[in-house]
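A single chain, nothing else alongside it, follows as structure tokens in the form predicted alone.
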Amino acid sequence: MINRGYCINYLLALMVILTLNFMLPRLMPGDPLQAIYGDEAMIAMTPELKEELISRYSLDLTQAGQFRAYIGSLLRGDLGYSYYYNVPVAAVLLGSFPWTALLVGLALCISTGLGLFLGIESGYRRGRTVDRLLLGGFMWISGLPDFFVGMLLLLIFGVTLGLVPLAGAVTPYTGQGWAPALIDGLRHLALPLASLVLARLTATYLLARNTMITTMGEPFIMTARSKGCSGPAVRYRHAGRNSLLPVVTAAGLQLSHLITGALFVEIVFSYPGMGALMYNALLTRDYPLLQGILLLSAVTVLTVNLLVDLLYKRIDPRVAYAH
């Protein structure tokens, strides 16, 4: 169970997020109506029609009035109405969030699992050829941003070799069966997923490697070896389990960076997720849609961090007695 201090911290964080989520889109320059209907429509628009649209979009209220209306709508489960798409914000988010959740979720699981495995193996073989190759390769990859990695992969595997599609998440009319649709979806997902994994793998690898190196010098490792434990048992059951603790914590903190990176990667690959949605919302000054995207992302990060806190106590019960 999460104690009262954790609950208060998460509630305070949610309150700050709601306030920032409301204020930041309104600090952007430009007139929302002009962004929605364009310059020519604004010139031809009558004052009566303009007043009606302002009242319809609740732009006639003060900042405090808009904030009260915003909180009240959230309590009713209403995220607002999208200016640009002319549908409720929740309907727009439901069409894009699953694609981003799939991309970010797979990237987080693969980068954490693969980084932990490679970090344990590299730290156990410190100073050997495998360790030097892995360390040098990951240090080189860490200097490349995720969207640049995506552009390189797109040019190599998509344009030059033609092995994967260049854009989108599915190909229309791939077939009636589930197998062709699954294969097609995986081919579209391969490059965006590889971009995020490669860009985020280094941090997990270095953390697991450094923790492994420190753990290998602990007395309980010598005790395990003196009892005749095999190499894999010492590497994973004893030392690897201790290396898992900081990696789990870093995985929760890494989610926010993964979501940010996914927004840019989705634009590179024209992936129909939250990235393309946020890009269109920024161009059109669609305040309710921007608020919905930011709120959904923030709540997702808070929820994952809460789950990480719960999981951390299951992995290391000593944490429960530290509060």
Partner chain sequence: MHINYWGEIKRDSLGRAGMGTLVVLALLAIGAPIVSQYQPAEYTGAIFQPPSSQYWLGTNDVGQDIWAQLLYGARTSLLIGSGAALLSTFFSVLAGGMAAVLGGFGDRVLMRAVDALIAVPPVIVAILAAAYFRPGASMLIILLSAFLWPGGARLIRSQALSVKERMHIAAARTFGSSWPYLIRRHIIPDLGPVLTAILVLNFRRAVFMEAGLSFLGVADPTVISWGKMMQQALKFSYLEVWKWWLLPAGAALSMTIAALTFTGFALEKAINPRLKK
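So that the term is clear: the rigid core is the largest set of C-alpha atoms that superpose within 1.5 Å between two forms. Residue numbers count along the first chain shown, from 1. Model, not experiment: these values are computed from the prediction.
Heads up, the form predicted in complex with the partner chain isn't pictured, but that's what we're talking about next.
Does residue 167 reach the partner chain in the predicted bound form, with heavy atoms at most 4.5 Å apart?
-> Output for residue 167 is no: heavy atoms all beyond 4.5 Å of the partner chain.
Any non-hydrogen atom of residue 61 within 4.5 angstroms of the partner chain in the predicted bound form = Output for residue 61 is no: heavy atoms all beyond 4.5 Å of the partner chain.
Mark residue 287 yes when one of its heavy atoms lies within 4.5 Å of a heavy atom of the partner chain in the predicted bound form, and no otherwise.
-> The answer is yes: residue 287 has a heavy atom within 4.5 Å of the partner chain.
At the 4.5 Å heavy atom threshold, is residue 83 in contact with the partner chain in the predicted bound form?
-> Close contact is absent here: in the predicted bound form, residue 83 is far from the partner chain, nothing within 4.5 Å, heavy atoms only.
Pick from 89-97, 180-188, 136-144, 112-120: which stretch has non-hydrogen atoms within 4.5 Å of the partner chain in the predicted bound form?
-> Result of the contact check: 136-144.
Three-residue site 108, 215 and 262 fully in contact with the partner chain in the predicted bound form at 4.5 Å by heavy atom | Per the other structure, none of 108, 215 and 262 touch the partner chain.
If we check the partner chain in the predicted bound form, which of the residues in 202-237 reach within 4.5 angstroms of it by a non-hydrogen atom?
-> Residue within 4.5 Å: 206 only.
Cα of residue 254 displaced 2 Å or more between the shown form and the other one, core superposed?
-> Shift of 2 Å or more: no.
Using a superposition on the rigid core, decide whether the Cα position of residue 284 changes by 2 angstroms or more between the shown form and the other one.
-> After core superposition, the displacement of the residue 284 C-alpha between the shown form and the other one reaches the 2 Å mark, so yes.
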